[in-house]
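Next come structure tokens for two forms of one protein chain, structure 1 first, structure 2 second.
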Structure 1
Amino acid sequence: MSLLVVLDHDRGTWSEANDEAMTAAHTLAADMGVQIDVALVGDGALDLSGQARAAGAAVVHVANHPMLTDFGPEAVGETIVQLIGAASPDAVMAVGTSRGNEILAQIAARMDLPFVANCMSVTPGDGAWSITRIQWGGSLLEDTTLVTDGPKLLTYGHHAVLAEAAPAPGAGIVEEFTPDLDGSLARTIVVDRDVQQAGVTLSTASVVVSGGRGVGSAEGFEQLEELADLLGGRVGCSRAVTNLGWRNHTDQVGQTGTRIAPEIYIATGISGAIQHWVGAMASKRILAINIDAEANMVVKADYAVIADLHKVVPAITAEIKRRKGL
């Protein structure tokens, strides 16, 4: 009896979402009374078996195939389906990143089983499981019941679980697995990449400084770039800004952009539509700078400055420079 956790990686680079996955898995496996097994698929997977063991995995299933050179939801989904057939886990889970949800959806479709996405809490039972999950982009929580004759399929909401160190390492027994994949599955595999910026990404930055329509222009973001650079962070933006062509979509924070969880999120000139709030609500602290005291972002922020961002941001930058002796 086991809980199978599908772990994510980028050609051998461990994803931070795996730490959330394993934290959630320890609680769920304890409630189920089973061990934690993990699945790592593709090039570089074997190199991560030690990290999986340290995170508490009893068995590390490492799947490889000439087709699995990079991420491909169809090929990975079929690989996990075949692994389920061989290992017979009681449940399969991942964290609900875009990759995690896509892979579990592939598994559910191929096995004709129900799949519950973006869970916050899961209570196993005899046959029926009680689950609370995030719906409508985080604007409400839904209580639901999962009943199925096959393995339970679910993902935990990204950032819904605070990652913690494993109470103890697992046995970490490595079992290699080679799936039988049809060539047609290669149609959705990443074959090339264009790296736009190295280093800290928007999703992993500890400080994010974002601007909305209130910034006024593409040139107005230069002051945000300067502040973010001083704080060692990244610059984000709202959807309105990308629609205006001031910033690239890769900088967008929101439900249809990037979900962030920095130590502090500085939102300047952003009204805080629900789609943007969904992407930013996992931030540890939020500072809103806006002339509108009733703006949604201001109301929900931990701290707010009701003033013109074009005066406040330069003042913050100047004070940081003074304290750094710049």
Structure 2
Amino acid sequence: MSLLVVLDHDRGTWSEANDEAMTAAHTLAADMGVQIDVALVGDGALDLSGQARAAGAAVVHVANHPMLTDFGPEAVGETIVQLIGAASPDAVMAVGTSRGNEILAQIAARMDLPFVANCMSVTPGDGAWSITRIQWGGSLLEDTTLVTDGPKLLTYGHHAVLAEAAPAPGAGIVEEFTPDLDGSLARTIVVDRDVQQAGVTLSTASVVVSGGRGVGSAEGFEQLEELADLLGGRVGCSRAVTNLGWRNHTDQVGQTGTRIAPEIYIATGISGAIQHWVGAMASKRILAINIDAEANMVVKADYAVIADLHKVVPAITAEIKRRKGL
């Protein structure tokens, strides 16, 4: 009896999402009354067995095959399907990262089983499992039931669980496994990587200065750039701005953009539509600058200034320069 957790890594570098996966797994496995086994696939996987053991894994399945050196959703999905055949877990889970959801979808498609993506809480039962999952990128929740004769397949929403240290290490018995992969699965294996921008990104910045339609033009963002630079932060924007062509989509905060979690989010000329808000709500503090005191962004913010952003933003920049003697 086991819960199989599909862990992620980048050529032997443990993914931060694994800590969330194992935290969620401890609760779920306890509720199911089963042990936690993990699956690690590909080059460098064996090096992570110690970490998996420390995180509470009873059995560490390490899958090796020449076709698993680089990521391929079909090859990895097929590998886990074969592992499920050999180990018969009662449930299989991952964290709902881009890869996590894709691998579970591949497993579900291959086994023709239901798959519940981005769960918040899971209550196992004898027949149906009761699950609460994320819709609308987190703006809405769905209570759902999962009924299947096969293993239950699910992911937990990325960042839906706060990672905690394992209550105790597991036995960590390493079992190597070589799947039988058809050569045709090479069709979806990564052929090249284009690694870019090191340094501060929107998702890791400690300050994000964002502009919405209220900024009025692409040029209007220069004021925001200057302030963000002074604070070592990044400029963000709303989807209205992306659609107007004022900024690149890589700057977009929200459901279909980037999720941010800065120390402070300065949202200027942004109304705070729900799809924007879900991308910004993990910010530690929010300062809204808006001419409309009723705007959702203002109502939900920690601090607000009810005024024209074109006056307030340069004033902040000037005040910082004055204090720093610049």
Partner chain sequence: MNILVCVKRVPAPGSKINVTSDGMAVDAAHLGFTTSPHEECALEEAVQITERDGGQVTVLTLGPVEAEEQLRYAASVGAHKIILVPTDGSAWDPQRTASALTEAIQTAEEANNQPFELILFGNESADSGGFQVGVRVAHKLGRPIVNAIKGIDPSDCAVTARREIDAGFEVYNVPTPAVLGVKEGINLPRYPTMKGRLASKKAELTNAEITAKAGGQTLVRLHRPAEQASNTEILGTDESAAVAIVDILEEIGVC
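Note that the rigid core is defined as the largest set of C-alphas that superpose within 1.5 Å between two forms. Owing to the predicted nature of the structure, the values given are computational and were not obtained by experimental measurement. Please note that residue numbering is based on structure 1, beginning with 1 at the start of its sequence.
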Open item on the list: Given these two structures of one chain, say which is the form predicted alone.
Closed with: 1
TODO: Align on the rigid core first; then say whether the Cα of Ile316 has moved by at least 2 Å between the two structures.
DONE: yes
- [ ] Align both forms on the core first, then report whether His158 has a C-alpha shift of 2 Å or more between the two structures.
- [x] no
Open item on the list: After a rigid core superposition, would you say the CA of Gly220 moves by 2 angstroms or more between the two structures, or not?
Closed with: yes
TODO: Report, to one decimal in Å, how far the Cα of Ser238 moves between the two structures once the rigid core is superposed.
DONE: 4.9
